[in-house]
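Before any questions on how it binds or moves, here is one chain, the form predicted on its own, in structure tokens.
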């Protein structure tokens, strides 16, 4: 398999070209970003199931996922003996966050096609289908699969619905468009039990998550006259609650929900000295801009980055970035 140094020049391609590429491939491994959320998992699983339905040999390899997303991955996970000929990434804007744990690959692997919707995509793959107008990567995957004339089953539709519902906050976020609703309606017509999926995805908490959520809320601090709220989840909190990192994604939305907050920050200590920072914002603040000062990126209202150092250094660094963006936005 070719490495980064052997790649041809990276290209941005259209939907038809992406569909043609996938139709020509076989023995495909599908990856997503580190700490995959419902959009990453749903997009990868839907594409894998769709490719299999037209006779392709395809598998997924994703880092540990939450219990609520596990139902989508059954029989799709790469076996150790599978040697892929082609690598496809979904919902991944940068090779720095490509999830390769357990895949037998490293971040220098040759990603032949990336399907994404992040405006911060750096075009790390040889070919990229990027639809910044899509509410979720799953929406972009759906468009490509329709172009390929893949027969949609209830299982595929459920995966795509999870992806779209996750990235739109169950259709509450500003990235939700009329096309998003039309796509969701088409998926519902394919047999998706929307009530059941929504309950599993958005209304069910494990006891472990409930425990760490309580600790996280207790850690909350406000800054800049209440315009920024920040919670910090330490390694000890994970140990005391028994919660797994992959089930704590809902924590990211909590700080932004407070009245008067323009930037909600969630800092999670993934392991000693390594922090994942999630940024959620309200207008006029750009989350991607805040994360960008720390080497990350994402969407205008939702972005993230990683930080190595102490808890105090992580908090100081992100607050400095927030201050800079607030000043540019005229909030300070």
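Not measured: the values here are computed from a predicted model. Numbering follows the first chain given and starts at 1.
Although not depicted, the form predicted in complex with another copy of the chain is the subject of the following passage.
Asks: So in the predicted complex, does residue 172 come within 4.5 Å of another copy of the chain, heavy atom to heavy atom?
Replies: Close contact exists here: in the predicted complex, residue 172 approaches another copy of the chain to within 4.5 Å, heavy atoms only.
Asks: Would residue 97 count as a contact of another copy of the chain in the predicted complex, using a 4.5 angstroms cut-off between non-hydrogen atoms?
Replies: Although another copy of the chain is absent here, residue 97 would stay clear of it in the predicted complex, with no heavy atoms inside 4.5 Å.
Asks: Flag residue 57 as yes or no: does it have a non-hydrogen atom within 4.5 angstroms of any non-hydrogen atom of another copy of the chain in the predicted complex?
Replies: Contact check for residue 57: no, nothing within 4.5 Å of another copy of the chain in the predicted complex.
Asks: Contact between residue 108 and another copy of the chain in the predicted complex at 4.5 Å, heavy atoms?
Replies: Residue-level check for residue 108: no, no contact with another copy of the chain.
Asks: Quick one: which of 144-152, 126-134, 80-88, 194-202 gets within 4.5 Å of another copy of the chain in the predicted complex, going by heavy atoms?
Replies: Contact criterion met by 194-202 only.
Asks: Can you pick out, from 72, 184, 243, 157, the residue that has a heavy atom within 4.5 Å of another copy of the chain in the predicted complex?
Replies: Contact with another copy of the chain in the predicted complex is made by 184 alone.
Asks: Select from the listed residues 67, 52, 300, 270 the one whose heavy atoms reach within 4.5 Å of another copy of the chain in the predicted complex.
Replies: Exactly one listed residue reaches within 4.5 Å, namely 67.
Asks: Does any residue in 295-312 get within 4.5 Å of another copy of the chain in the predicted complex, counting heavy atoms only, and if so which ones?
Replies: Residues within 4.5 Å: none in this stretch.
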